[in-house]
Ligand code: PLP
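To begin, one chain is listed below as structure tokens, in the form predicted alone.
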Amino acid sequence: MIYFDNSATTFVSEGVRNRIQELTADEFSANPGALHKLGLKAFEIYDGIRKDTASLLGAKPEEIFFTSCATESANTAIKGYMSRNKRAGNAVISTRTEHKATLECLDYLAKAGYEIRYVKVGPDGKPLIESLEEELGKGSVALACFTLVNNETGSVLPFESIRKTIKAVSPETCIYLDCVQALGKMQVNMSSLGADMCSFSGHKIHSIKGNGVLYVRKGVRIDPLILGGGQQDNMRSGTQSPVLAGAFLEALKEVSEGIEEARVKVAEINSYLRRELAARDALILSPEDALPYVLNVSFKGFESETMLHCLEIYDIYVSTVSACSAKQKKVSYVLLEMGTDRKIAANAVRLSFSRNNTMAEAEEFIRRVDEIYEQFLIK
């Protein structure tokens, strides 16, 4: 099997499996909110996991909150900030290339009466600074929402330039950053990044599904999305799970080691595939400076879903658009917003890699593409 669909989800690492087994032992399974010694032990473990997670992310423990996924983190950050800070302004700035978790939140806010201003992006998927300045200049911007690495193209946000522009024109604007596809693939440190709120996902870094993290910079106030017993400093109610939090931490530890070495390895795979696919008249849609973990390519003569299923015959797995939108069978809105021709976008396939992929897999992928063209393409 060749798995090139790591932006949708990653396979669970052996270390995470082992950690989950350890944390499900009876002596660790009490409710962390209980007052007896088993509960205190569970809370001690949970609190330690929170501190270690914060340390790896360059944050303070009180800035880290465990959630069920990045979608919950995004909803909490975006809705929670606008709910809590009504005097900060009535406008939110973003782009139309954001993940659905962000776009649906913005649509929710628009229906509630907030003004959503969308910054234009260039052919590389990056926000145009002049468009950003124009939208900021209209005033009353409470929140700006961006994605550090686009999940469909790998386009890397020039965040420092974006941040400086925002702070120069509208210094009080809060910044939310989707860091899901960046974590473990490039250096992400909260203390130096400069974002006010960030979302992360466990199942994108070889943890299990059902765990994520929300970072909220100390001093930023937001309303909680989930109400209840007031766990996690009243930010996210619900019984704390040392198992899920521990699974996230274990995965984070693993992907935090050798980030540069892994990037170089994946970049070699990406470069090889770019070269070989371009030689076969495929169009590379990811920008040249994209994070190498994502490669979006349009196959001449094959609609995206057709190519996906042809590859599946050979036990090779890729995706068309984001997995969150795939079953709707729509052309990628990200590519269309970048100015990609609809016919080209309709043939687009996303290859996404992990540090575990190999050059041998890339070479096998090219061999199978050649076979698919020989067998199925009508000349």
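Small disclaimer: the values here were computed from a predicted structure and weren't measured. Residues carry their position along the shown sequence, with the first being 1.
Keep in mind that the form predicted in complex with the ligand is not shown, yet the notes after this line are about it.
With the partner omitted from this view, the residue of Ser94, Gln232, Thr71, Ser298 that lies near the ligand in the predicted complex is Thr71 [heavy atom within 4.5 Å]. Stretch 172-180 is the answer when you ask which of 237-245, 215-223, 290-298, 172-180 has residues with heavy atoms within 4.5 Å of the ligand in the predicted complex. Shown alone here, His203 lies within 4.5 Å of the ligand in the predicted complex, counting heavy atoms only.
Contact annotation: Lys126 falls outside 4.5 Å of the ligand in the predicted complex, judged by heavy atom distances. Although the partner is absent from this view, Ser155 stays clear of the ligand in the predicted complex, with no non-hydrogen atom inside 4.5 angstroms. Mapping the unseen interface onto this chain, Thr147 counts among the residues with a heavy atom inside 4.5 Å of the ligand in the predicted complex. Heavy atoms closer than or equal to 4.5 Å to the ligand in the predicted complex belong, across 334-351, to no residue whatsoever.
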